[in-house]
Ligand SMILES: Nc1ncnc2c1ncn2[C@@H]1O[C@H](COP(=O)(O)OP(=O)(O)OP(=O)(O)O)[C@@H](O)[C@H]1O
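Given next, in structure tokens, is a single chain: the form predicted alone.
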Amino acid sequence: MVTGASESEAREFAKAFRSFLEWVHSEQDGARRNEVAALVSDFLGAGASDLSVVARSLPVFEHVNLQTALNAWSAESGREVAVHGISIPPHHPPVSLQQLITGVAMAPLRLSAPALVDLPNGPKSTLACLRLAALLVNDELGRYVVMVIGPGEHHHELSVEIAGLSVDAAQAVHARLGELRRALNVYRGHVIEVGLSPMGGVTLEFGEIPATAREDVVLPEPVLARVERHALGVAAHRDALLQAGQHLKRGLLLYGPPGTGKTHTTRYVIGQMDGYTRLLLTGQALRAIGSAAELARDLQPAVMVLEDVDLVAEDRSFGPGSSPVLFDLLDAMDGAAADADLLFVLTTNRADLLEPALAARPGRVDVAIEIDLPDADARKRLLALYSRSIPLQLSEADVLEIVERTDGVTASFIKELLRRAMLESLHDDPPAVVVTAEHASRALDDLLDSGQRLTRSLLGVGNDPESLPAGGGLGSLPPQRGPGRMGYGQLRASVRRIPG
């Protein structure tokens, strides 16, 4: 038989239940009294929760520009800004300003000194940037909160949130910060290497300005002059061209066999373009073309260098589908205004594979310039260039013999030849490094050996044994190409070239 609880048991239960309810209300009050939420609520005052929080997301590479803008904005006349850091327990997601105002689904937060991350704001300087902080602002718009939420261990985005203002006023604050980010952009005028993070986001790193002298660019004078006229000439006569109604946006395509000096020529060009922001993209970074082009438009005058562009801009007829990167590239080249001072420099080993719309349409590529295999005079100049730091002891006859034996090679081949010649010298007599004709001959014999087919291919030199002369030289060895592929001689007549 089941009987009810005794009077004493009922009293004990009621007491325990009352204690439980008091604990629940105490926890809720504690959440409402979270010191970070309390700071924000007390600062904004009653009615703050009735106003919308206006958020804006930014690319992570803008973090240093955001901090630069905040520093300048905070110092503007008539504005008081108090910065408070926010500490979140490990493994908790970041908190939003909306959560701070409402107290809903909020981790146990603490006020702290602002957490900072040191980010490059120049080739040799850094800036301490807020990772997670609430800025209590008092200015002509009233009292409001600006919250910075930077990327962290469990969060890979950058955002700015504003509470306490009408939507229009908050948008005006965002707009002002955007103006300052663009005006004070730390990347302006520098060489910037564009990359991709493991999470797929765009990364920007400061690079060094190439110190490549004109005499170090071993090209026929008409070829180098054409490159200079199209790239540097427009920059030098910018104002006159604009007054005459001529466009500044231009595209330059450098094509030719691997190892002939396309990258070296590009380094010379960007080294001469002082005052330009120079964005370098290669390999996987070419997938960031859209973001990089937008940045270039913001930071013009600017140069975008796209190396080995054939990797992402092949002719659409070569496959069942088109690479979205190709469309990003075409949109980037078409999207800027005609008076935008933008130079697109594209390099490729396989111009015959390029999308015709890219290689032939004015306004995308205005001039295509072949960087061909070095002739005898160029090979002699390359030997002198690459041997500057090598104790080379060669007679004029020795030099002429090397030049003759290396007919058909690339600049990269000459550079590797001298490196191997020095290794031969070190092997013979390590203390006294002197590179003689014997060392150079042995190095050349090794490079021409049948076991070095892959090495020659990597250096841009073909491997057809029938083209190798009996003396072991390269003779008139043509660039390597597969069946059905266009040779560089044929390409010279097929790629559209606009007189420059």
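From 1 onward, residues are counted along the sequence shown. On a predicted model such as this, the values are computed, not experimentally measured, just so you know.
Heads up, the form predicted in complex with this ligand isn't pictured, but that's what we're talking about next.
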With a cut-off of 4.5 Å between heavy atoms, is residue 201 one of the residues that contacts this ligand in the predicted bound form? no
Might residue 349 be said to contact this ligand in the predicted bound form, defining contact as any heavy atom within 4.5 Å? yes
Test of understanding: in the predicted bound form, would residue 387 fall inside 4.5 Å of this ligand by heavy atoms? no
Verify the contact flag for residue 264: yes if a non-hydrogen atom of it lies within 4.5 Å of a non-hydrogen atom of this ligand in the predicted bound form, no if not. yes
Heavy atom within 4.5 Å of this ligand in the predicted bound form: which of 164, 259, 301, 408? 259
In this chain shown alone, the residue from 382, 149, 252, 248 with a heavy atom within 4.5 Å of this ligand in the predicted bound form is 382
Okay, which stretch from 70-78, 388-396, 180-188, 409-417 lines this ligand in the predicted bound form, with non-hydrogen atoms inside 4.5 Å? 409-417
At a 4.5 angstroms cut-off on non-hydrogen atoms, which residues of 206-236 are near this ligand in the predicted bound form? List them in order. 216, 217, 218, 219
